[in-house]
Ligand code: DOR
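The chain below stands alone and is given in structure tokens; this is the form predicted on its own.
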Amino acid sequence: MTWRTADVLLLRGGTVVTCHGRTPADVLVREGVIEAVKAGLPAPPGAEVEDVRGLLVTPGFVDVHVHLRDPGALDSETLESGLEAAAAGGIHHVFCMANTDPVNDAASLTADLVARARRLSPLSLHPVAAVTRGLRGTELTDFAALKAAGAGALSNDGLPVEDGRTLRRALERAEEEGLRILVHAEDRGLAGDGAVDARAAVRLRAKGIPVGAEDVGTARDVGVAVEARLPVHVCHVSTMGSVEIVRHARRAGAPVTAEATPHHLLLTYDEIPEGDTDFKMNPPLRSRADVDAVVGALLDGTITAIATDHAPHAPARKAAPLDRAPFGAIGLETSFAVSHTALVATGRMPLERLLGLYVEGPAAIAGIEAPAVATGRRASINLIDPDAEWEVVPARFRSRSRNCPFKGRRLRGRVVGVVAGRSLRRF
């Protein structure tokens, strides 16, 4: 189904849910802007009325960590297919990483992504430009020019900025430009050419990555930021040690933020089938104790966002031995359902709290206004069926890739529609 356009749209009979609470209400959208949120709203002449009884009406989601392979690996994902997948997952603000080919380290590349996205979709694309030229970790990019071209943040994700002095200079320059740096915290010397968590390496007959690779990298990056008294955001936290490093920094008042991925909330290395490269990601899947620590960090506010780290790879690229296959799993179309299944359906977290991790938390990290179902705001709305139970079938996804570790799993909760400005889509 394609996007439909409505000058006047009435969402009738739903329950509006935000991180602050829930209330039965209709939502009237005129020319892409929310005009009224109230129960029993009459339909204006010519309005398109959408029956949303039984559904939850929530703000659209923000994802600060997405890989879209465009340019350079269009067999894995294109800008168009990635934005289609984001829509199906209810993600209205997409922050796409710079490790493309060529690397997004120039204003012209950033501007091209922004312009093409505007032609393709009513969603908002925010390119995350490279911290250093070519992701080589030495020469800083032109932060001011990148911001002017539309960059929403800066990151070398996929690689750490290995030199501490360079990272500090980057943090200082980013603060001047009002951009957040998102760090891939890893000691590459410790990680080596490993493929899975070292504790699972023997069973999986693959090379191991010690937990310390993430912990040491996190301690270094957070330490640089704390000493400089500058903000930093830590991507895909997955270990007990990293959680404690971030928690200690935040309790001391440091402007350190962190994200968790859905796959690090639901899966452990014990669930990896031998040789299945769809379960190979970086950081790797961890132990049950690590998963519990990450969930605990979401509950106590140490981690303030959930991000997909959507990392598509065409089947031919993943069809390699575990040690040689690329890292990464897709997640745009399963993110909310996985988190809802792991946290809300199990009673560990109320839905309102989960929405905070998908809306207010990541928006604050990125420095954008959080979507809201409120009068006077641009329509950025999700329609959610919290009771929907469905099986993950990657062949039905809108992404061009199929590397999903949740294949065959039954999930509870699903985004079934989105409103973005004057555009409406039901799934």
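Residue positions are given as counts along the sequence shown, with the first one as 1. All values derive from a computational prediction rather than experimental measurement.
One more form of this protein, predicted in complex with this ligand, exists but is not displayed; see below.
In the predicted complex, this ligand lies farther than 4.5 Å from every heavy atom of P71.
Although the partner is absent here, N282 sits close enough that one of its heavy atoms falls within 4.5 Å of this ligand in the predicted complex. For the chain shown alone, G152 is not a contact residue for this ligand in the predicted complex, no non-hydrogen atom being within 4.5 angstroms. This ligand in the predicted complex is approached by N99, whose closest heavy atom lies within 4.5 angstroms of it. Listed residues G192, P350, G158, P210 were compared with this ligand in the predicted complex; G158 is the one with a heavy atom within 4.5 Å. Interface residue among V294, A311, A337, C235 relative to this ligand in the predicted complex, by the heavy atom within 4.5 Å criterion: A311. Not one of W3, H92 and R422 places a heavy atom within 4.5 Å of this ligand in the predicted complex. With the partner omitted here, the stretch from 198-206, 326-334, 74-82, 118-126 that lies within 4.5 Å of this ligand by heavy atoms in the predicted complex is 326-334. Taking this ligand as it sits in the predicted complex, the stretch 407-422 never comes within 4.5 angstroms of it through any non-hydrogen atom.
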